[in-house]
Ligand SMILES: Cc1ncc(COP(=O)(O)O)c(C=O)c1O
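Below you will find one chain, with nothing else, as structure tokens; this is the form predicted on its own, and questions on how it binds or moves follow later.
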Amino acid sequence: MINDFKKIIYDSTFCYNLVIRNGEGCIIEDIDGNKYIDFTSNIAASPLGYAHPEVMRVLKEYANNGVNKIAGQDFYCEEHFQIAKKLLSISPNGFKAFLVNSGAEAVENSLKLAYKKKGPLPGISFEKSFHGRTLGALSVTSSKDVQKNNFPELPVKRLKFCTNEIDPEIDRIERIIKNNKIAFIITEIIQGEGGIFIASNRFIKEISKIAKNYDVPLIFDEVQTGLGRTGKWWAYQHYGVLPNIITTAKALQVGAVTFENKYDPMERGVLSSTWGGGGRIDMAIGAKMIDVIERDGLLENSCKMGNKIIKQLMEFTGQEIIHDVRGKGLMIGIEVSKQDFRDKIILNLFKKGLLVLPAGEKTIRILPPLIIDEKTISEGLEIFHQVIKKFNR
């Protein structure tokens, strides 16, 4: 099937020769009946794993609904209101929501909100960042050359993403803003695609303070980190700061941008998205995600299980292959000595029944479902241990 697939479909970024058929809990099953422990959550888009009873109940409820998809910016529906209401219940006070189709589209509209307020000025983004593949989002992305070569860009000043508390580059952002008019600052809190790099406390606090002092819109990209991935609803909550605009998607099942009231364009038609508020099943499931994460204590589980994984993985650091383990909650990166080792490790893990993802130049990305338990972690890490032993010989 995969060979036939490649004949008619662009071969983009597929990691495995794996055709998914089904799944349950933290297990994915392929069309041949092979089962895999999932440490990817489909890039954080499946926080409740697979065949979760609450999600299955929603699917059953909509099975006989004759209008599952509408033009969501032309017609109202109850699901649109419910998911927005739940999303805003876990967002800063005084925020509004706008639903879109994806994380990239959420970023596009966050930039529109900033430009509408400040004018068509340059923005600030950061090295190794990833914000999406549409051209506006790609302009503020700096992850891999292959993603950007020969494509036009919006004007952006690119600064260092600081992970060290004493990095002198932290002070550079104020020097830039003092001497230039800026439309926005956009950053991830933990760089996902870039390699699971965690912003330093001082870095986030400093850009938050500078954005406020100079009245520059601060956009936090929480597309991958949002809805409990790091042990809090939003990764920025680890830092005690507040953004002006937040982008999210993946775990929410639809894209969304939430923003302070003062960034509301107050003009109909400035923002629009044909299907953003129109996928009724996706919106119903997204609202259910928030309910279940809160009800079942999955923020706490993310912290507890994430700490367990990191602690066990730390035993491999200092060896020839594994150089570093870093993360928050269930968003974890394993830094490998060389890219070709990383890629071989991922392939060997797959062959033994464990799914992980690459990130950055030589990082293994681990994003298990938020429902994961100690037994599944132990089984997954045992596979990891078996594979790493071979490389350390």
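The numbering used is simple: start at 1 and walk along the sequence shown. Source: prediction; values computed, not measured.
Keep in mind that the form predicted in complex with the ligand is not shown, yet the notes after this line are about it.
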{"property": "In the predicted bound form, the residue from Ile322, Leu113, Ile207, Ala104 that sits within 4.5 Å of the ligand by heavy atoms", "result": "Ala104"}
{"property": "In the predicted bound form, the one of Gly132, Gly123, Gly286, Gly306 near the ligand [non-hydrogen atom within 4.5 angstroms]", "result": "Gly132"}
{"property": "Heavy atom of Leu99 within 4.5 Å of the ligand in the predicted bound form", "result": "no"}
{"property": "Contact flag, Glu79 vs the ligand in the predicted bound form, heavy atom cut 4.5 Å", "result": "no"}
{"property": "Residue contact check: Ile219 to the ligand in the predicted bound form, 4.5 Å heavy atom", "result": "no"}
{"property": "is_contact(Val223, the ligand) in the predicted bound form, heavy atom dist at most 4.5 Å", "result": "yes"}
{"property": "Which of 277 to 285, 123 to 131, 295 to 303, 227 to 235 sits within 4.5 Å of the ligand in the predicted bound form, heavy atom basis", "result": "123 to 131"}
{"property": "Those residues of 244 to 261 which, in the predicted bound form, come within 4.5 Å of the ligand by heavy atom", "result": "Lys250"}
